[in-house]
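A lone chain, given as structure tokens: the form predicted on its own.
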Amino acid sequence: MITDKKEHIMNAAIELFAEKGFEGSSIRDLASRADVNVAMVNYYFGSKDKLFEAIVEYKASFMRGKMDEIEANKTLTEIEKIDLIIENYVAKILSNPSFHRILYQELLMGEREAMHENIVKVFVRNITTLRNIIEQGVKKKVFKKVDPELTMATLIGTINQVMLSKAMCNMLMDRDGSFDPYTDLVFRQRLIKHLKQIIHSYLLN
């Protein structure tokens, strides 16, 4: 169970890691940012690595709950389920670009093996849900026989490219530096539409 104090510490950690990086942030820095004592941070998390793992699990649990809910909905077709997953992923990732960049930086570096494995396990659970939906669509002959795992990689990879750098994103979109693509609802819908077009073309017979 996530208490208000525990959630407060995790949110403070996301802000701190975004500013100073994971390596550049200490438990003492975090305690100061969250306005709590070091003992409280250690009580809830035990270490900085465990704190990061708890943040990832907490953030992913919302998306996992959404995906499970979508998968279980009997009123939706398989392609409607995929569309909802795309909408939810784009909304979730673009709403917190700082955390997303921290997460993928950690995955790319892979310096902390145990933490890296735990992050991957969280992603695998979400991929399993998408695979189930795709396999059901294939069974009904509405989807082509595709690689479910790499379908997820295509989806997330496109979003990652957008999230990699705001400056690069603006350059690709031919916008100036004052434009913030992550808070712009028109851009969000543009990204969702693009992803749906790609996945529909790839999946549908």
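Superpose the two forms; the largest set of C-alphas matching within 1.5 Å is the rigid core. Keep in mind that this is a model prediction, so the values were computed, not measured. Residue positions are given as counts along the sequence shown, with the first one as 1.
Another form, the form predicted in complex with the DNA, is not on view; read the next lines as being about it.
Original post:
When the DNA is placed as it is in the predicted complex, which of 149 to 157, 62 to 70, 22 to 30, 174 to 182 ends up with heavy atoms within 4.5 Å of it?
Top reply: Flagged stretch: 22 to 30.
Original post:
If you check in the predicted complex, is H8 within 4.5 Å of the DNA, heavy atoms only?
Top reply: Looking in the predicted complex, residue contacts with the DNA do not include H8, since no heavy atom lies within 4.5 Å.
**OP:** Would you please decide whether A39 lies within 4.5 angstroms of the DNA in the predicted complex, comparing each non-hydrogen atom pair?
**Re:** A39 belongs to the contact set for the DNA.
Original post:
Counting only non-hydrogen atoms and a 4.5 angstroms cut-off, does S47 reach the DNA in the predicted complex?
Top reply: Yes, S47 is a contact residue.
**OP:** Compare the position of the CA of D29 between the shown form and the other one after a rigid core fit and state whether the shift reaches 2 Å.
**Re:** Comparing the forms between the shown form and the other one, which are aligned on their rigid core, D29 does shift its C-alpha by 2 Å or more.
Original post:
Closer or farther: how do the CA atoms of K166 and L30 lie in the predicted complex, compared with the form shown, if the change is at least 3 Å?
Top reply: They are closer; the C-alpha distance drops by 3 Å or more in the predicted complex.
Subject >> Direction of C-alpha distance change in the predicted complex, Y44 to K121 (at least 3 Å) >> reply: Relative to this form, farther apart in the predicted complex.
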